[in-house]
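Shown below, as C-alpha cells, is a lone chain in the form predicted alone; questions about how it binds or moves come after it.
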Amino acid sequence: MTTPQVPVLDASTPVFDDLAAARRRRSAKWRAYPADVLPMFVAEMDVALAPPVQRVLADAVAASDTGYASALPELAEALAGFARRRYGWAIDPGQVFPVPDVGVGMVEVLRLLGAAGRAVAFSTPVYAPFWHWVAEVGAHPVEVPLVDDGTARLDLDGLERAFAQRPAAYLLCNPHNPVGRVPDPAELAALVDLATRYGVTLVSDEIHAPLTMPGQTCTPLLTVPGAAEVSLAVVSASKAFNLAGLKCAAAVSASPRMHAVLARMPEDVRWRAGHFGVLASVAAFTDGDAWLDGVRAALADRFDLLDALLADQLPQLRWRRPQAGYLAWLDCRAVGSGDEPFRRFLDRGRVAVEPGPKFGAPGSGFVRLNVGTSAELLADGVARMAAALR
C-alpha cells in the first residue's frame, strides 16, 4: 500500500474544491443535510489547506507526533509576529493564554469575570453562539441591536443605556458576524470610553479579523487607546486558515489588570487545545501570509460574483458587501419574514443557508450565505435559490 502524497501547492494560490471533492469531506457542513442539498451555511471554506499547514500536519502524522499540545511559547510568539505584520499590533507573548477555541475562550473569560447571575450585553444580529456562551455561564443576555440605517454600526446610545445597568461584560464581534462590518477606530474608541466610564469589561471575538477584505482595515480592540485597561480579546487562525476542527485559539490581554484576570484561567484549559491545532496555527501565523492574501483576493472575487448573480437572478434581495469574512447577510424581507426565506431556499431549492432569526430578532427575513467556496458552487447555490422563488 502506498502512502498518499500531500499535494505541493503554490504558497499564494488557494485551491477551492469542486462539488465532488467537497463531498468527500466528512465535516458537519457536508453531513448535516441529505446529499441533494448544497450546504452553504456553516462557516468553513471549501478550500485546500495552506501549504505550510499541510506540511506540518503531514510531518506530525509521519512521525506519530499525536500527543498533548505544548502551545507555549511557540503559539504566543507566532501570534505576536502575525499581529505585528498584519495590524501593527504589539502583542506581549507573555499575555497570550492558549484555549481550545474562541467559544471556549469566551466562556472561560466570562466565568473569570463573574458573569454568573449577571447580565452580558452584545449587539444583534450576531453570531448565534453568543447566546449559548452567556447561558453556559448562567448569565442573561442584554441585546442592543445594531443601528438599522444601512450602516450596521454600533448603537452607542443604546450601549450607554445598557452599560448604565452595569453588565458583567459586553461581547464585541470584531469584525461583526453576520453583517461583515469592520467597526472603525472612532467607533471603537467611543465604545472603550463607555466601558471605562461604566466599569464594563469588553471581550472581543476577533476570529474573522485576518479575513478583512483588501482595501479595508481592521482595528484590533486592544490597539485602541485605553482599551488595554478594560478589554480582552480572543483570537484564532481557525476561520482564516480553515482549521476549526483542530481546536486552537488564544485569549489575549494587554495590561497588568487584565493579565491578572487571565492568570486565573484554570490550568486544564490550556491542555484542552489540540496538538494539531497548535502546530497548524503556528505554521499559519508564521508562514501563511501569502496564502492568506490569495484567499482574501479570491473571496473579494466571490463577492463580485455574488453581486452580479443577485442582480441578475435575485433582484428582490438586498445586501451590503461585507468588509471582512466570507459570509453574506442577505435581506430577503421582500420574500418573507422570520425563517420563511430559509425554508423556501431549503425545501424548494435544496440549498442550505443560515436562517436570520438565529442571529437575533433583527434577523427576521434575512439569511446568511457562505461564499467561501468555488465560483461554480456559488453560482449553483444562487441558481437554486432563484429557482426556489419562481
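As the structure is a computational prediction, the values presented were derived from the model and not from experiment. Heads up: residue numbers just count along the shown sequence, starting at 1.
The form predicted in complex with a small molecule exists for this protein as well; it is not shown, and the discussion that follows is about that form.
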Even though the small molecule is not shown here, does Asn177 get within 4.5 Å of it in the model of the complex, heavy atoms only?
yes
Spell out, yes or no, whether the shortest heavy atom distance between Pro167 and the small molecule in the model of the complex is within 4.5 Å.
no
Heavy atom to heavy atom, is Lys239 within 4.5 Å of the small molecule in the model of the complex?
yes
Please determine whether Asp289 contacts the small molecule in the model of the complex, using a 4.5 Å cut-off between heavy atoms.
no
Could you check which residue among Gly294, Pro220, Gly274, Gly103 gets a heavy atom within 4.5 Å of the small molecule in the model of the complex?
Gly103
Single option in Ile207, Ala227, Val200, Val109 placed near the small molecule in the model of the complex, where near means a heavy atom within 4.5 Å:
Ile207
Suppose contact means a heavy atom within 4.5 Å; in the model of the complex, does that hold for all of Val53, Phe82 and Ala283 with the small molecule?
no
With a 4.5 Å heavy atom cut-off to the small molecule in the model of the complex, the contacting stretch among 114-122, 67-75, 94-102, 147-155 is 94-102
